[in-house]
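In structure tokens, the next block holds one chain alone, the form predicted on its own.
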């Protein structure tokens, strides 16, 4: 009984700490802003994302802390992209958390969740194209629908919000993609900017508001051959503090900078292999937080050229 009360006391005392900015509820970010689809082309991609976190930070310094030993997730995602016109691309994504778990450090216990994440629908518009300077600008918008499990329980204990499969919240995600080509060069550059604005969660167990999230991704791509592209990116994100029951959570939010090497290889029949690794190089968090150690992604995609359906009755008969 004493051990149970002690465990409960410690849990309540540290409830103001953010479990992990590395493993927020809902679908993980893919940082995918590529336009590159022609009219009536459908691109189908399947990917696996893995993330592992075991390092505590206070401000911008790592510290020893024994609340959580580690957190991780394995997420399988299916994405569809369709070129509706030469300027408009429609997108959708849905995924499943195979394993989303945390392990405590002060007691030998593990909490695990699994299930569907969020459904994300969006579009991207090819707004501006300067052929002489080889610059394009493509704004877009995504909407996340919390169709997956939320407020999951482990026995009689509600799981922390950071390992819930679904975010439990509708989200708006405006984006802007800027690309730059270089004459007579195999090098190209892109900048992908996005924001994330969430609806307040009001359920029987949870009254929570995620902090606004802002991302900037700067990427250089080198076309090594007709089939192989090598990439290196700097990914910056800043999240504002969250609210719980209308109170600001002081130990949430912060700024992060990752280095992300990647490559893609085109196979026969329009198949493409993609992979990346995320390596944190700077973190500055509010209070004490568990932060990401690394992330990995691997995927395969295939493009289909859809033919325009012909009318079944000839116009001259009508």
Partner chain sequence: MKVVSLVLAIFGLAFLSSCDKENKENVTTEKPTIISLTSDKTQIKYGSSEPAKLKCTASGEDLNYIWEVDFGDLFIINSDGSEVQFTASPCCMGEKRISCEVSNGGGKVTKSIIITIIE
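No experiment lies behind these values; they were computed from the predicted model shown. Positions refer to the first chain, counted from 1.
Heads up, the form predicted together with the partner chain isn't pictured, but that's what we're talking about next.
Although the partner is absent here, residue 161 sits close enough that one of its heavy atoms falls within 4.5 Å of the partner chain in the predicted bound form. Using a 4.5 angstroms limit between non-hydrogen atoms, residue 109 touches the partner chain in the predicted bound form. Mapping the unseen interface onto this chain, residue 52 falls outside it, with no heavy atom inside 4.5 Å of the partner chain in the predicted bound form. The closest heavy atom approach of residue 188 to the partner chain in the predicted bound form falls outside 4.5 Å. Partner proximity in the predicted bound form, defined as non-hydrogen atoms within 4.5 angstroms of the partner chain, places exactly one of 71-79, 150-158, 174-182, 231-239 at the interface: 150-158.
When you look in the predicted bound form, the only residue of 114, 125, 104, 222 with a non-hydrogen atom within 4.5 Å of the partner chain is 104.
Note on the partner interface in the predicted bound form: the residue among 199, 92, 206, 212 having a heavy atom within 4.5 angstroms of the partner chain is 206. The candidate spot formed by 65, 245 and 251 lies fully in contact with the partner chain in the predicted bound form, as each residue has a heavy atom within 4.5 Å of it.
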